[in-house]
Each structure stands twice: as C-alpha cells, then as structure tokens.
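Okay, so we've got a single protein chain in two different forms coming up as structure tokens, structure 1 first and structure 2 after it.
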Structure 1
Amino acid sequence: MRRKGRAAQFGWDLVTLLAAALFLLPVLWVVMSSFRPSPDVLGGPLLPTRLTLENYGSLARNAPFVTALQNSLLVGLCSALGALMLAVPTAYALTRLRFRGRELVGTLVLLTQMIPGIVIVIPLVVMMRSLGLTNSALGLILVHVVVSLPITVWLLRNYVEDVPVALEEAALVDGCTRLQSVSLVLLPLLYPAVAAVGTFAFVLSWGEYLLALSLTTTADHRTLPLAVQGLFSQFRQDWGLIMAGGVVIALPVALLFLLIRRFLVDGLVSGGVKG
C-alpha cells in the first residue's frame, strides 16, 4: 500500500513538473534567449547551440538603458524608504492605539489600494504638470510611495498584530516611555517584516509602468520598464538585447520575491494586492 502511494506521488510529481515547465515556459524562454546571439533568437535553431554574454555587454553600453537603471534604483529605493517611514507609524497606530476615526482611516487606506491607476492618471498628470513635478524623480517617488502605501500598511498591520502586546506593556511598567517601548521592544521584533515589506515596495516601483509612462516625457527621466519598451521600438529586430533587458528587470524582482516569499504570501492572500 505504502509503496503504491509513493509511486503515485512520484507520478504526480512528474505531472507537476511538466505542468510547471509549460506554465513557466515564457519566463524560461526570456532567460534562455538573453544568452543567445541575437540572430539566433528569432530564426535560429529552436534550442540554443551557441551561448553568449554579448547582449548584456551591449546593454551595459546602451546609454539610455544605463540611465534608466540608475533612475529605477533611485526611485525604487527612495519610494520604498518613504513608504516604510509612513507605513510603520501608521500600522502601529492602527493596531495598538484606540482613537476616534481609526476604523475610517483603516478603511480609507484599504480602499486606496483599489483605486485603479488608469482612472487617476489623468487628473494626476494635470496636477503634477502644474506643480512642475513631471519629469522629476521626486514626482515619481511620491506617486510610487502612494502606490505601495496601502499594501505596506496592510501587511505591517498583520505583523504588528502578531507581536504580543504584553511585551510592550511590560516595558511600560518597567518605566519605559512609549517611544522607548516601541523602539526598543517592538521595532527589533519587526525588522524582518519591515525589510520584507520595504522590499515589496521597491519591487512595486521597479516594475511600475503606467504612472512612469505618463509622468515622464524625456529620456533622462525614464525608468527601466520604459527603457525596455524603448529597446523594442528602437531596434525592432534585436530580440537578444530586449530579452537581456527583460532579465535585468525581472531577475532582481524574482530573487527578492523568493527571498521574502514566506513573509508576504499570507498577508497578500488576506489583503489582495495589485499585480
């Protein structure tokens, strides 16, 4: 009986691997194609016969792409930091403090999550233009902070809730001020969660397309998604280069996400999130 069960599991494992390979084929194809000489990607043999790093080399020499990489790093890091600076105190207040309007604030933050980008992009562009914040890193950072704020607050709220209140109460009884109880007791316990949530905010900014597209008109201020799109129209045939650009965007996101997966999955499932 047991042997039969093991054989069945093995069979299902095979089915699982096949299904996953089929499901992940496009992603695998990007990675594989990025290491092939460009002419081979479209038109060469189906499976690679020659591998090269040349696509990554020409990407590194592609000035607009390098600028975009720097912009994306700047915008992503700043907006993740900004989101955390706002989300940590908010999540703390929403879970640990009772105050009038708490429910309202919580609902408001949650509803912001559901506001579709395409609906607010028009008024946002009009507003940002009149403030002179289009084509500026600051403008995009502010907007990306708002994009990730609802989900960062929501996720952090779950983590704060998981820390027993008794720990902070004990610190208060021992004569700590509230600030001390938070910074000495609560925050150290939250560091892994804060890091995971900050990473998630970075990832959201890194791949964001619509707002970056709408708030940016000059090449100097483009972020990576726009730069990859630029590669496509600029060198229509250079598939190897485009695929290498795709890997540069997707790889850090995938690695970071796999790293913080355990922290995020539960919160995402209960919160729902922008894809």
Structure 2
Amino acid sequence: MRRKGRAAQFGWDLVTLLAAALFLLPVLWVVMSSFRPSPDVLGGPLLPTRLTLENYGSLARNAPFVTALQNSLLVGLCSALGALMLAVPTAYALTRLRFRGRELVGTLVLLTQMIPGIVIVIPLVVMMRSLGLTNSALGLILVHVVVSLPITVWLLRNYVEDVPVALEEAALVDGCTRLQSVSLVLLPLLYPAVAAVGTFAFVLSWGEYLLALSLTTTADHRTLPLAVQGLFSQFRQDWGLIMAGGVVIALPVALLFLLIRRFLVDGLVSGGVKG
C-alpha cells in the first residue's frame, strides 16, 4: 500500500511539473528575449549568447510608451479606488441588511461576471460617446470601475461574512450607530481584504485592452497595452523591444499577485465552502 501511495504521489508531482513547465516556458522565453539583441530573438541560438539592456533603454526613451505608462497608472489607481468606494457598501448591504430581492441582486452580481466582455463593450462605448468621454482618462476609469465592480463586490461579500455579526451588535449595544459600528468595528478588520481586492481591481484595469482600444484613438490617452501594440511596425519588427514591453506590463501584475494571492484565494474559496 505504501509503495502504491508513493507511486501515486510521484505521478501527481510529475503532472504538476509538466503543467508548470508548459505555463512557465513561454514566460521565461519572453523574459530572456527582452535581454537579447533583436536579431538574436528569432535568428539566434536557443540559449542566449549576448545579453543587453538596450531594449529597456529604448523603451525609457520612447515618449509615447512613457506617456502610456503614466496613463495606465492613473487609470488603474483611480479605477481601483472607485471600485472599492462602491464595492464596500454594496458588499455590506448584501451581507448584513435584510431587504426584498437581496439574494436576486447577489446572484445578478455574480451572473454579470459570467458574461463575455465583448457583449458589454458596444453599450459602454455608446454611452461614453454620448457623454463625450471618449479619449479621456475619466471615461476609461468609469468603464473599468463598471467591469471590475462585480468581482470586487463578490470577493468583499465573502470577507464581510467571515466577520462575526456579534462584534457589530456589541457596538450597537454600547450606543454606536450602524454607521459607527461599520467604520469603527468592521472596516478595521477588513483592511487587509480591502487592500487585496483593490489591488486585484488595479490589476484588471492595468491589463485591460479591448475597452481601451474602443475608447481611445489619440496617442496622448493610450494605456500600456495599446502602447505595446504600437511597437509593432508594418515593415520591421523589433522583437527585443516588444518583449521588453511585455515584461514591463507583466512584471507589476506578477508581483502584486504574489503579494495578495492568499487573500484572493481565501475570498474565492470561502464562498464555495459556505455554499
């Protein structure tokens, strides 16, 4: 029995390593290629023989790319803040308050997350154009808040459910109003979760491409994914520069996910455990 158990464990480990290799090898190739001269990326040996930082230097001197980086930071931070300002009270209402249609609203919030993004692109673009908010950071921030709001509400709802109601009831007995019990008792306990969910909303905005492409036509308002697309030329591709652009987009996202992964997993799993 012990030998069968070890064989099964070895099989699971082998499958896990293969899956990790399938996922990581393209990522490692992109990172490695970003440090290679462009002719070596497709025409050189598989393993690099020359390494250079020139690709990153070229990006730093590329004014449209730097502008796009600043735009992505502005839109991402404002989108995350806007999503949290709406998600926290919504998650609290869906968890703590009793009103008709509460479960229906909660189900609809989750259902909107299942709808393919392409379905909502056209109505959002039409609305932004009617409001005169195309080619503006404000328009992009608003649509990113709309897109990230369902998942942020759902994650925060699970975290609020984990906080014992008795703590807020004790505050009410001591004379606090409901708003005071939320601000003085509940919110301090939710700070780590709020930070994690806000980071997740920032990541969603940081890598969003389709809405940014639909709402932005001028170079001054482009975000980072569109700037990387602009690195492609009709006549000649600088693959080293393109790979460096991909690393600049992916690196902050990877680092942020490493910081918040435990909170996100807890938030996603807790809802499933409760059913």
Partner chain sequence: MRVTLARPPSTRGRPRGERALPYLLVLPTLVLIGALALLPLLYGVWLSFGRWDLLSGQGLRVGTLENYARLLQDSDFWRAFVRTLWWTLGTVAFQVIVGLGLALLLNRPTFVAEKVSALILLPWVTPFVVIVYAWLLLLDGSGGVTGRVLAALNLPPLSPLASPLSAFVTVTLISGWKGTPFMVIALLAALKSIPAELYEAARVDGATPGQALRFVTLPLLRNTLVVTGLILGILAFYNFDLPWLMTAGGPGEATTLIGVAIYQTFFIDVQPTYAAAMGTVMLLVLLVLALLSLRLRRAT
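For the two forms, the rigid core is made up of the largest set of C-alpha atoms that agree within 1.5 Å on superposition. What you see is a predicted model, and the numbers here were worked out from it, not measured in a lab. For numbering, take structure 1's sequence and count from 1.
Please identify the form predicted in complex with the partner chain: structure 1 or structure 2? Structure 1 is the matching one, since it is the form predicted in complex with the partner chain.
Is_shifted residue 124 between the two structures (CA, 2 Å cut-off, rigid core): Yes.
Once the core is superposed between the two structures, does residue 105 show a C-alpha displacement of at least 2 Å? Residue 105 C-alpha, core-superposed: shift of 2 Å or more.
Examine residue 14 after superposing the rigid core and state whether its CA is displaced by 2 Å or more between the two structures. It does shift by 2 Å or more.
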